[in-house]
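Below sits a lone chain in structure tokens, taken as the form predicted on its own.
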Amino acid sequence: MDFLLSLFQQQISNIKSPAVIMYVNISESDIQFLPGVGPKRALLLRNELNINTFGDLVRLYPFRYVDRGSIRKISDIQYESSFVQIQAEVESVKREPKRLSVTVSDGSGELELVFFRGIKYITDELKPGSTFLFFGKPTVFNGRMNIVHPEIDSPRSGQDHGQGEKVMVTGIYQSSEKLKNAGITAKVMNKMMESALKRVLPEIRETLPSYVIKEKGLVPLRYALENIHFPKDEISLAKASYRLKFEELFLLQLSLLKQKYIRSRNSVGIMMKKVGTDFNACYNSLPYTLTGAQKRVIKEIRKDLTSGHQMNRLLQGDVGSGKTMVAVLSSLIAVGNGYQAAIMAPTEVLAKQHFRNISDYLKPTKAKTAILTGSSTAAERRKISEDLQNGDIDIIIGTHALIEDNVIFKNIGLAVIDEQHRFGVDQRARLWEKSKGGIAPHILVMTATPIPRTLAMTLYGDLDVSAIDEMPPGRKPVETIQAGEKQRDAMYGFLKRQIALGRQVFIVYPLIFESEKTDYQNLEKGYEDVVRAFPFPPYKIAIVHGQQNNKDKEFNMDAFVAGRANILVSTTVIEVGVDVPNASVMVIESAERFGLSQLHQLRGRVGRGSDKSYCVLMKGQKIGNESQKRIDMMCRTENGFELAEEDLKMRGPGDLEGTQQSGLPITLDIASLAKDGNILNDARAYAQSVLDKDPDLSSEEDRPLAAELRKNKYKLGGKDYSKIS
């Protein structure tokens, strides 16, 4: 009664006229009013798991399940086992400073149970000679196996004890140390979930139309929610899991495809009917033939530019596949139709490199180009600003400086954004807003990070996607080698032989300064080691990292690019775009720390010239199975798309470029892009068929879908980014 009274008071606290109260939405009730929660636990649930309401809790799904039906013998437990359940008798209880050690036995062996909190209660409960069920995860400390803070239950009766009982599947939920310390254990979380379901399930309404449920053979939503948390059996769990995964991916793809449809129908695009003389002059003077993939992509872009709708296209291409040339030729189409083009790069180093290369490509043409970066002088900025407004610059290359308010174009028609993952959506939107006459420029975003198909369908589901999946002929493969610390002297000898041949070397470290928490090689110590191994003279070493000021970074990078330095010691700041054809060796220290995609990006910095190139993966003495698997795969293949797919499976979706997983711009509650690719493909195809019949979702039977899409969950980051590429 106290709970209902508190809940009722919460619902009406801001309503002056009780007569208007018709319905209390239990799902939206504050989580603190759930029995067993209260204000303190509610604050923790909000901060740790973003759970604010009963409904939020019900939509927190188990990330795995354990069998609480079977009982293991202590003698059968291995330290690498996941959660286990034993029934054992307490033999001894030993109270030590800050911890309690309890030894239990089941006749087959002994096991230590360790407790750091609730010691008084546990001492009173666990008397020698008493028998209990204990459930937890085995760990090893000082060579001895134990279970820390196991859950404790009453023992089974004699007839239930032993092997072979029926399966009792229990969900395990995401947690944290703060939650555990506050007493919100797996057992408590299950009780809270049971309480929330009892209150929320009766009011749950279907989110999908009846025809979708029937055609896709889905179980009802109430059944799915009940069995995802407390499955009756494995079949019920499978049905519940499929229903919830399909719904999540279907609604996401429906939202993305609907945004794409609305844009294609409503957006007016600049018509670029001509190719132009500059395009032909550049194309005909190329010293090589474009690959079939490059030609295919240019045709796709050309079709977009003549469609009358705004182009929003993602171009994927492995390192060295020729994306820059596609960007140049696309920009020249814009110039040939009387418009300007902007090419935006994430770093000054990459912008300058683009400017040098593109200037060479444009020599046979009349197109005028310029570069604008953060280090451009005030006088240079004024001149560039005037020339842009007058139309005296056809193609502008630059960094974030291009989106500053004082940069005004006469008539921008195409914006090319290189390495798009380095730019925020709001930054890209500002480039968009620089168009004149209310017609947005065509957008081409490029990435050298191969994106797995399932991830591309989610992150860029509202864009058209092109891929350059073919490397230019004659590009030599990079030989990839792995080595341990014992081979370091031999590796240094190999580098000296390469330098004697006139080659240059990258040495990349994952850290800038030494960390107490890791024994990975770091740039600070590594630089000292390299200087000792390669003394001046004859060797010259440059160093580049993110904590340097731009002047120092530019000086050292220019020294290496110009060939004045033999070795560049660096962090991953050189990962994107640095083009030094004479560099033939990439050494990656502590390679086990990097993900596959980042290792592949770093490897792509060599092999850009005519010389045989190498990538040396230096690994630590202690390396896990997953890390070794990544390194082995790097040595086995150079296919970036294959590596990206494997990276997704091994590390999950997130920031595939870096060592830290920052997550997707949209949160998936239950589906996994790494594991549920087949469901995603089916969901996208079915979403397309629904929109083919009812593009606006305006029919009576599709009203539930329209209502679901109005929720922020199905827009990336809670925003509608369909107009921003």
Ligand code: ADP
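Residue numbers here begin at 1 and follow the sequence given. Predicted, not measured: the structure shown is a model, and the values here were computed from it.
Keep in mind that the form predicted together with the named molecule is not shown, yet the notes after this line are about it.
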(message) Looking at 107-115, 204-212, 282-290, 378-386, which stretch has residues with any non-hydrogen atom within 4.5 Å of the named molecule in the predicted complex?
(response) 282-290
(request) Would you please decide whether residue 296 lies within 4.5 angstroms of the named molecule in the predicted complex, comparing each non-hydrogen atom pair? (result) no
(request) Flag residue 451 as yes or no: does it have a non-hydrogen atom within 4.5 angstroms of any non-hydrogen atom of the named molecule in the predicted complex? (result) no
(request) Although the named molecule is absent from this view, report whether residue 579 comes within 4.5 Å of it in the predicted complex, heavy atoms only. (result) yes
(message) residue 324 versus the named molecule, in the predicted complex: is there a non-hydrogen atom within 4.5 Å?
(response) yes
(request) Identify, from the list 248, 318, 394, 589, the residue with a heavy atom within 4.5 Å of the named molecule in the predicted complex. (result) 318
(request) Have a look at 361, 527, 230, 641 for me and say which one sits with a heavy atom within 4.5 Å of the named molecule in the predicted complex. (result) 361
